[in-house]
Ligand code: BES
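Here you get one chain, nothing else, as structure tokens; it is the form predicted alone.
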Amino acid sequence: MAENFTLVEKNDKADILIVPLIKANDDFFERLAKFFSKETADRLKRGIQNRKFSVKPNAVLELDDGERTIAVVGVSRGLSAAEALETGAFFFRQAKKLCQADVFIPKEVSSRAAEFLLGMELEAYSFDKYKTKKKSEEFSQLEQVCFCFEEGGFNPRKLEEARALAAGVRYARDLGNEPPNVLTPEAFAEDVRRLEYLGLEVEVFEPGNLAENGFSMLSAVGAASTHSPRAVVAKWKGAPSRKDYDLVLVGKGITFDAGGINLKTAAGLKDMKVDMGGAAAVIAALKVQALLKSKLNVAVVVGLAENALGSQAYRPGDILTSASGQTVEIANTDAEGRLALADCLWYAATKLKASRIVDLATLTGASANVFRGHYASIFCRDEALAEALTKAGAVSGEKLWPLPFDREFDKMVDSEIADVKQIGQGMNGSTLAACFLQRFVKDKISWAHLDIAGCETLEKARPAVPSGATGFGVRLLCEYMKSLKPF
């Protein structure tokens, strides 16, 4: 779990003063003195002069007189949201071994205070619930952070949004980091059900009623596991007087993917507990909407299953009948995610009558191999939706790259003995997966498919993103939903 620290609005003399600095001029030092003291401002000014500190982006100066540390970090006037988040992560690393921290927010960067806070919150994250011998010095000591704003700079709503977003990302990371013997499909579904305390409506479909409610292919994917599959539909109705949904999110939730009869190699099994990264992201994004009491109506549909090997496993050569009535020829049981997603997309389109759908899935190795976690692939037949999502990705730092899946590629997933083949031939696997999914989404629906394979986990930590599950997609989706106008 992440460390918890309190954000207060007053100025306390803390163990460390953190100062993002654009320009070290007399005006700045006079303003700094108003919040702390002339002594503090003079000390900082002398330190900058004596050390010949050049104020450049990411340049760092630390002054320590044994009583109070001052840490200065250079920032640019045009600081982007993603850069500010990384700067906030640096703030936390400077302060984590101390108890209290003051962060001075000059008026020049007050518009980025929320990203500073988000960066601190996310850098504080750790998943150590299963460590029984963690040393005390490994824990953060930080208990209180005081953001000190110049007059007019404090925006409580922005900071509230940052705290809610941090809670959502941490939730997605916690889900992704849980071992697969703990986070089974049943356990995942019950975890979502617990979010009802926030005002969400949650419905769970169990094995006895999966197929009759349109989740027959999901049921086939999970048939070989002792942990039976589930489908979960969760709803946030910020405008209960309206029946329609402004957005429906769909997520792939394979809690462990062994590959089924097409068994994965040992190397391929390494990160398969995070094959539910799409489901974690969309559920966490919905949690953020509830925490903020958003005025949008948003629903989430996730298919949860464990793709295992056993006597009940579905096979290459099988033909499954989807809820849409289309028959599907199975070519490879390790391409199970698109089957689960197809059921969820059909449910979103027909049962929830969605007019706008975005799905997230750790779907193909092709996307992971091309982008190496730096981008997720986006397939979208609605130009405006594609542009809005790509912009949200750029702002949030969770970037998207568009790939084609034009109609001429569609024939590549035709089957000679069924309506559609699970895996096509002759094209990038990510494109063919999108072509397959498109068969289950009506043309009139505005729909985007995000293949986040490779983005859901990291081996080596980077600022504000730990090793292990990253929670990729939560910030992107929440940034996108900020731009939505209710239908």
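This is a predicted model, so every value here is computed, not measured. Note that residue numbering begins at 1 and tracks the sequence as displayed.
A second form of this protein, the form predicted in complex with the ligand, is not displayed here; the remarks below concern that form.
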{"item": "Candidate stretches 381 to 389, 328 to 336, 346 to 354, 199 to 207 - the one whose heavy atoms come within 4.5 Å of the ligand in the predicted bound form", "value": "328 to 336"}
{"item": "Complete contact of 158, 288 and 395 with the ligand in the predicted bound form (any heavy atom, 4.5 Å)", "value": "no"}
{"item": "The ligand: the contacting residue among 41, 423, 70, 48 in the predicted bound form [heavy atom, 4.5 Å]", "value": "423"}
{"item": "Residue (of 434, 450, 453, 32) lying close to the ligand in the predicted bound form, criterion heavy atoms within 4.5 Å", "value": "453"}
{"item": "Contact label in the predicted bound form: residue 275 to the ligand, heavy atom within 4.5 Å", "value": "yes"}
{"item": "Residue 306, heavy atom within 4.5 angstroms of the ligand in the predicted bound form", "value": "no"}
{"item": "is_contact(residue 316, the ligand) in the predicted bound form, heavy atom dist at most 4.5 Å", "value": "no"}
{"item": "Residue 365: touches the ligand in the predicted bound form, heavy atom cutoff 4.5 angstroms", "value": "yes"}
{"item": "Interface residues of 250 to 272 toward the ligand, as seen in the predicted bound form [heavy atoms, 4.5 Å]", "value": "252, 257, 264, 272"}
